[in-house]
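Take a look at this one chain, the form predicted on its own, written out in structure tokens.
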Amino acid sequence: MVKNYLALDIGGTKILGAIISDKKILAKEKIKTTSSQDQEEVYGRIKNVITTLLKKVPNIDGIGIGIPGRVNEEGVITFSPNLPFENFHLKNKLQEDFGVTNIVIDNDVNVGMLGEQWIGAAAGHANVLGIFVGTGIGGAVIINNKLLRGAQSIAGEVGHMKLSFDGPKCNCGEKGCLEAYSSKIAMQRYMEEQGMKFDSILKSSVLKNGIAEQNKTIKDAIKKSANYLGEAIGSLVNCLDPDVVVLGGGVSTAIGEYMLKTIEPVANARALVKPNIKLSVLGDEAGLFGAVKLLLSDNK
């Protein structure tokens, strides 16, 4: 019997939801998260997405969710960097409000990588390293078809591997992290040092347009970021020996092919074996399909 699952990809700027059945999207809904620092208001918007989807497809067999930050086995969001959730009992609240007992929640990058491994760039591979480049840098590791979580559920935080003991300051408070060298924030910092002005966080479209316009400052920022990503990938491949490395996130979607021209030779030079590096193919839908895979798997 074919089952219907409700999938949510909750981020700092948007909440994307879908009803998925047999690897097909039956209904989809997307709204802004809002910049509110009130967790009940954000939770209300999550409820609105679910309610809207259930009006389109009333019968579901579970809810799968990807959300930035740390989530424990009870479905409590202990910390989220871009949302006002702290020790928020998301699973319990959804069970009470919607009467659905089958609910699983995990870090958004973990969930996105499950989607890519299920039907995306890493399909058919048991050992996968995922690196998502956006405003920050997130990571996920799958070993023998199992998500690697670690004792405190922080395994895969590749953005905070240290590349230098005295490098630029990272959002985590440390210095010299990969995120401080290769994220959008890092690229923006470099461009601002070269005299460019920005009114808000750097958009991926600015990078894409900069390449098309042959803007030297933007191209230099991208190359610098890609060099450090190549260094990091080479080291991670030596540690984890994955079948495939998947690059995802907004930056990779916008300029991934361009960045690979720099990333691949650097990674090849650093790794003991030549890495198999691929770009995400599911885009925004990786988290949706990954949320369903989370429900179907025994990862939780």
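The model shown is predicted, which means the values in this text are computed figures rather than measured ones. Numbers for residues come from their place in the sequence shown, where the first is 1.
What comes next is about the form predicted together with a further copy of the same chain, which does not appear here.
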{"item": "Residue stretch of 84-92, 113-121, 211-219, 166-174 approaching a further copy of the same chain in the predicted complex, non-hydrogen atom distance within 4.5 Å", "value": "166-174"}
{"item": "V141 within 4.5 Å of a further copy of the same chain in the predicted complex, heavy atoms", "value": "yes"}
{"item": "Interface membership of Y228, a further copy of the same chain in the predicted complex, 4.5 Å heavy atom rule", "value": "yes"}
{"item": "Exercise: I131 in contact with a further copy of the same chain in the predicted complex, heavy atom 4.5 Å", "value": "no"}
{"item": "Partner contact for I201 in the predicted complex: a further copy of the same chain, 4.5 angstroms, heavy atom", "value": "no"}
{"item": "The single option of E41, D241, E257, D61 touching a further copy of the same chain in the predicted complex, heavy atom within 4.5 Å", "value": "D241"}
{"item": "Output flag, I185, K278 and F289 jointly within 4.5 Å of a further copy of the same chain in the predicted complex, heavy atom basis", "value": "no"}
{"item": "Residues of stretch 264-290 in contact with a further copy of the same chain in the predicted complex (4.5 Å, non-hydrogen atom)", "value": "A269, R270, L272, V273, K274"}
